[in-house]
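Quick heads-up: it's one chain on its own, the form predicted alone, in structure tokens.
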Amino acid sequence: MDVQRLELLRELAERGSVTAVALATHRTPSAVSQQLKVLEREAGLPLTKRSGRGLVLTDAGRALAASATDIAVALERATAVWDTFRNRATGDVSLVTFPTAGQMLLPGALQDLAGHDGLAVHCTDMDPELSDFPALTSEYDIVLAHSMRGQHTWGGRGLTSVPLMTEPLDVGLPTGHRLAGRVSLGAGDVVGETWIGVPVGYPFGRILHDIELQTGSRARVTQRFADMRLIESFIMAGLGIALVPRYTSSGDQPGRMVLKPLRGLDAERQIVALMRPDRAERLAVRTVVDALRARAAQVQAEHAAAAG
């Protein structure tokens, strides 16, 4: 069977429609359909069937698509072995990150990678809902994603997930707030405050929900923003309190904002690098992920030293 046709079948399994496959592979939908028909003749079994106006995979099609993933992984692994022998991590690596992780990790990681001739990392940022992170792996080699512990949506998706760091979430308060002198805060201390929240579906929202469950009271959320700098500006203006990531926030701002740990709740987020398994085998991709892990470890060590 032709490897490129198998890859089209795999793309159909992941993207769900011939049109989406055509857009991703720079083909026309008719060309994609034609290649899938050829693959069916080679396989000797129906691989797709009509469902409404589109195509879905048969059981045989799903099994063969899974095999196509194994083949892609093996090919990339073989290429990586050769690159390792040549001691050259080369090529283009595309990366998408949510903004605060990009701010924290990317500048330093790219500085560390500057000595790798022939390696080009192309970065962009998005701030998707939790459920949208896995789909981005079809478009980018590396997806920096975050979730609360046990909340991630990429399990069972066949993706490679590399943990980068665990980041605590603190309560951000205006400096003059009545709770600003406390060492730490519990759910009962903060549930009755005015909150600046995140959009519904964003990972941080679960912690505020846990505060409500623990206290049996509803939190009053007056504004919702995705941009953490905007949230911080509302805190500093005295317009409310909010959950703020410890490492990627502006930190304690004398006369403007203080951060206080939240006790009695699992107030941490996990930051990971998500990849399709074949792309995770590329030496260039592995080199970038290693740089991200090193930078994440350095950030954590610097904050630990400052706190100590």
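Only the largest set of C-alpha atoms that superpose within 1.5 Å between the two forms is called the rigid core. The first residue of the shown sequence is 1; numbering continues from there. Just so we're clear, the structure is a prediction, and the values are computed from it rather than from any experiment.
What comes next is about the form predicted together with the DNA, which does not appear here.
- Shown without its partner, this chain lists T58, Q35, S250, T69 as candidates; in the predicted bound form, only Q35 has a non-hydrogen atom within 4.5 angstroms of the DNA.
- The contact residue chosen from G264, G255, G54, P46 relative to the DNA in the predicted bound form is G54, the criterion being a non-hydrogen atom within 4.5 angstroms.
- Interface membership of V18, defined by any non-hydrogen atom within 4.5 Å of the DNA in the predicted bound form, is confirmed.
- Under a 4.5 angstroms non-hydrogen atom cutoff, the DNA in the predicted bound form has R27 among its neighbouring residues.
- Although the partner is absent here, H303 is not a contact residue: none of its heavy atoms lies within 4.5 angstroms of the DNA in the predicted bound form.
- The closest heavy atom approach of A31 to the DNA in the predicted bound form falls within 4.5 Å.
- Proximity to the DNA in the predicted bound form, taken as heavy atoms within 4.5 Å, picks out 35 to 43 from the listed stretches 61 to 69, 279 to 287, 256 to 264, 35 to 43.
- Shown without its partner, the chain has no residue in segment 197 to 212 with a non-hydrogen atom within 4.5 angstroms of the DNA in the predicted bound form.
- Once the rigid core is used as the reference frame, the Cα position of L292 differs between the shown form and the other one by less than 2 Å.
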